[in-house]
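In structure tokens, one chain follows: the form predicted alone.
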Amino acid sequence: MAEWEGDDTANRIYYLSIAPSLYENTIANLGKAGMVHEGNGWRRVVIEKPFGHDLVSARQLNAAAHQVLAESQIYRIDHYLGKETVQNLLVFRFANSLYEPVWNRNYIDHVQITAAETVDVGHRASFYDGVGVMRDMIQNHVMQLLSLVAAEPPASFHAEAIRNEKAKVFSAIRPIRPEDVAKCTVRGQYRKYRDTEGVAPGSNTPTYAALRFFIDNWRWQGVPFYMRSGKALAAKVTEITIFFKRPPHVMFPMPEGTEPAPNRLSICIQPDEGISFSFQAKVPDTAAEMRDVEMSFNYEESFGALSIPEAYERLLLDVIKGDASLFTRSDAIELSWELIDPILTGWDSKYAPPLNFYESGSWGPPEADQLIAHNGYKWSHCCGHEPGGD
């Protein structure tokens, strides 16, 4: 490489799309070989998830990386953060005066985040059986989405300012203690999972998880955040739904025992990237009958089918540019694991909730509906897909 480059002004990116067990040795050997020393050119290392499998291993990997690399050289990549609608979250929140004043506990009732997949574990079974849905999806993808929804306005659009606010969100989330996991979480497994080649006999690895977090800060105190993710579900969809509070008084005549549907803001990350807002409208030629209607924005319709780059395209371009806004910092990784570890500990203890089985092509175990129904809610329609049922 030195012969080909000719001098020390060349720039290099090392993309570690390798088994996680090789990360530490690879980084150490890059250092020993002088491959990441920065002269007049820069050296950057991209690390794929999973970044550790628990808090201890995440700290160990961070420490090993920092022995060789400066934090500014490390790019922990999560392709979800490269999706256009995820990037648009901050612009939507902080560039539109309509929503920012009501983005808090005074007007928002609760938040739902869904990351559902129709595929089963397939050829990844031997890997997945040692990981499960919490490590595969919740700890990284879903937690990153939560941080962007809940973050305070950064002082600027620079990477460190944005990443500071995301880390503050994780530090403010109320941990779920191991003894409380049965009240705050649901775990499930699709029925055919144990029949898959590579899965241990009688495996209790969850392929579905639903949980409820609270964020103990001024903006979000008392607002529940519901998260769910799973394999072999009814639709491939990732969506964030903000439910606003109902009006304090409804003056219009309504059937007894009913209330108008709450205003709902739905941010669809995939497959149809866009945003929709539901509100109440009067049905024509009625006294005051109301119906839930929607205003919708779709990226492809507004900007064209070729306007949305693939997530990895955007992220790799950011690595070249040196923009770390969409990459996870070491402290945020550890803070996230500090929230996930107690849940995993609880699931391996006497406090564990039962492993609930569900049919492939459904929306997961009924117990997940009960988790959210306990507070009087139900899971939202996901990008037009019906929640619940087969």
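All residue numbers refer to positions in the sequence shown, first residue = 1. Model, not experiment: these values are computed from the prediction.
One more form of this protein, predicted in complex with a small molecule, exists but is not displayed; see below.
Stretch-level contact check against the small molecule in the model of the complex with heavy atoms at 4.5 Å: of 103-111, 228-236, 157-165, 172-180, the positive one is 228-236. Using a 4.5 Å cutoff between non-hydrogen atoms, F244 does not count as a contact of the small molecule in the model of the complex. R76 falls outside the set of residues with a heavy atom inside 4.5 Å of the small molecule in the model of the complex.
With a 4.5 Å cutoff on heavy atoms, Y80 counts as touching the small molecule in the model of the complex. Taking non-hydrogen atoms only, R219 never approaches the small molecule to within 4.5 angstroms in the model of the complex. Proximity to the small molecule in the model of the complex, defined as a heavy atom within 4.5 Å, singles out one entry of R212, R314, R264, R124, which is R124. Contact annotation: of the candidates A151, V223, I240, M137, the single residue with a non-hydrogen atom within 4.5 angstroms of the small molecule in the model of the complex is M137.
In the model of the complex, no residue of the candidate spot (H53, S203 and D341) has a heavy atom lying within 4.5 Å of the small molecule.
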